[in-house]
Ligand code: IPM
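One chain comes next, on its own, written as structure tokens: the form predicted alone.
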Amino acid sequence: MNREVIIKNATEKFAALINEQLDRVDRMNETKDFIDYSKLDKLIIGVCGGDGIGPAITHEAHRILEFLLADKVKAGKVEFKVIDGLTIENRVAANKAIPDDVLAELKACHVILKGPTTTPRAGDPWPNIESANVAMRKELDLFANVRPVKVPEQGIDWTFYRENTEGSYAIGSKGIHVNDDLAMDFCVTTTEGTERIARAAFEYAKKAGKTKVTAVTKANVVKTTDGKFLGICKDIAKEYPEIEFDDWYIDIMTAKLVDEKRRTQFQVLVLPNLYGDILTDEAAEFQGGVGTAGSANIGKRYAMFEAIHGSAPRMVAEGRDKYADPCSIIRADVMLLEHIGEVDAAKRLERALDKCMYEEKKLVITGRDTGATGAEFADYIMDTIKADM
């Protein structure tokens, strides 16, 4: 195939991607206001177990939510909707990251508690379908991935605002194999997409009494997309003169998080998608690993809360899924409760988690029969909440 034909074919594919992203920009601009949960007759919480260890740990987080919201459920103000169809087998059968019927069920909810899902990679016995997480963030326009990390004894209190729908992941499954020698992927940055994540970070800082927001990019090298992201963050920062703003490059930021003198100076961090993915996993290690951290995915119409670790299919294959640690997704429960306005319930759960995980430690999760099951640990947490009431 001659070069002219190769370039023509690649150009046509690129044009289609540009049209797709321009359509997405139009949709973003159509949705202006966040949903007000207080005005709903009934709040519907979807519980989507995913696959691997997901159903096991999500079930325990679901039980805790029902325990804490029992009065609201009884009064008809809250309804739980269990959604089982997001398994890798079901997704492969439909040849879609999210099957149409499952997506319809998800869209019938207001907030979603979601377990881990398997994303196929080269060498896996599954076709190359898109990540269910990435697809859900796109379909529900969950643009803000929020991950808190706290280690009080080390002076660490970080909240990460990772842009969720753009950057290097926006069209991660639609790169172009130009020919046998050349493959290209794409990074996407939009004005609306960056403005809303930056403003969300500053609004959180303002409401939470934080005094500093830090943008993390590689704008000195990735000048167009990262440069746009940083420039917009600087513009938004001018609207919040009471909050200090600075910026760091991703490579040095990964080092500064382990710098005992510097790391205590960071509070709220706002980042493009890929950098946020990397940095939040590093940050979670200070708290005890990704198994201890929850994650919120916030949009204007929908919100989804999840564990940040994978689906651990090996544990299921070895019959150990009932021993999987549910603490990460129970941390997500805390964020879900805060998001829907159940602040007192969120505080009670967070206190109980801290006590059970770090202070008392009457039960320990080991991932094997040498430790507690997820169900036993969830019971321990609920008993602790009862004792503190």
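When you see a residue number, it is the position in the sequence shown, counting from 1. Just so you know, these numbers come straight off a predicted model, no measurement behind them.
Although it is not shown, the form predicted in complex with 3-isopropylmalic acid is what the next lines describe.
Proximity to 3-isopropylmalic acid in the model of the complex, defined as a heavy atom within 4.5 Å, singles out one entry of 133, 189, 214, 165, which is 133. Contact with 3-isopropylmalic acid in the model of the complex, defined as a heavy atom within 4.5 Å, holds for exactly one of 105, 139, 277, 244, namely 277. 3-isopropylmalic acid is not shown here, and in the model of the complex it never comes within 4.5 Å of any heavy atom of residue 196. 3-isopropylmalic acid is not shown here, and in the model of the complex it never comes within 4.5 Å of any heavy atom of residue 91. 3-isopropylmalic acid is not shown here, but in the model of the complex it comes within 4.5 Å of a heavy atom of residue 119. Remark: residue 169 counts among the residues lining 3-isopropylmalic acid in the model of the complex, judged by a heavy atom distance of 4.5 Å or less. Heavy atoms within 4.5 Å of 3-isopropylmalic acid in the model of the complex belong, among the stretches 200-208, 70-78, 125-133, 262-270, to residues of 125-133.
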